[in-house]
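The chain below stands alone and is given as structure tokens, in the form predicted on its own.
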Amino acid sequence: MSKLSLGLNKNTIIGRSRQPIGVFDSGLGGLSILKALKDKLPNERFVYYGDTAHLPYGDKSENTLKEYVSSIFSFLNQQDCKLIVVACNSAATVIHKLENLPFVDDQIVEVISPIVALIAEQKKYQRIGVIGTRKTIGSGMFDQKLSQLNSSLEIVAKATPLLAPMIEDGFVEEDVLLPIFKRYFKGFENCELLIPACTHYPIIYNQIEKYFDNGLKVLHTPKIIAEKVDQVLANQQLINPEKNDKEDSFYLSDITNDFLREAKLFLGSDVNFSLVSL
């Protein structure tokens, strides 16, 4: 039993199970995680926050990033969230360095640790590529942790800072991405599996695999994170047993028509966002 469940009676657990799940990212990429979560956990209600006024997170200093992330945690705590999904790899690199968060470790799922654990344990792929923002790749949280857990893996990690803003702006056509791929993917020719360490990248999974003539598998990270969240909720008896009658809530720190258009690309439907500057 989770330490969070100790001392809680049945009514308290049921009440907490009906609370929403908070999901946040620097922009709209985290909507790829949210979509997978909604598919996996159809009874849950979600509160999404995209810090679009401050993107990209991948180029921010650690201190600035910690300030942004702390403010978002406080906001989601005010929304009475039972669990927080840090749907941003750059933000995930500073979580363990933050103090006095309104959530304990058992209430936080970030997008790095579940992926590292899965890849370190599997036996099918030995030559692994990792791409992400400068912040994520520079932290070493993927390549260093993978090497520590499984020294037999051959890992190539490279920052690909142009991809996230290009996706945010809708530049996802193959002819536009091709020259970027040619530069970024030098050295990845022998890789068998690619870890896309940025929640924007699911939008271009097919384009990446096609660039490698389908000889390289791109890991579908949103599904893995959704399965991890399902496991955490089950362990704490916090899965909502009934469909929540309240609608999901969506917030952005800056709203533009471009973001609204791209949000539909991620979720497959129109979304009503509210403006909340932190």
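Just so it is clear, the structure is predicted and the values come from calculations on it, not from any experiment. Start at 1 and count along the sequence shown; that's the residue number.
What follows is about the form predicted together with D-glutamic acid, which we do not show.
> Taking heavy atoms only, is residue 57 within 4.5 angstroms of D-glutamic acid in the predicted bound form?
The answer is yes: residue 57 has a heavy atom within 4.5 Å of D-glutamic acid.
> Residue 164 versus D-glutamic acid, in the predicted bound form: is there a non-hydrogen atom within 4.5 Å?
Residue-level check for residue 164: yes, a contact with D-glutamic acid.
> I'd like to know if residue 160 sits close to D-glutamic acid in the predicted bound form, meaning any non-hydrogen atom pair within 4.5 angstroms.
Looking in the predicted bound form, residue contacts with D-glutamic acid do not include residue 160, since no heavy atom lies within 4.5 Å.
> Given a 4.5 Å cut-off on heavy atoms, tell me which of 184-192, 147-155, 71-79, 132-140 is the interface stretch with D-glutamic acid in the predicted bound form.
So the stretch in question is 132-140.
> What residues of 17-32, in sequence order, lie within 4.5 Å of D-glutamic acid in the predicted bound form by heavy atom?
Residues within 4.5 Å: 25, 26.
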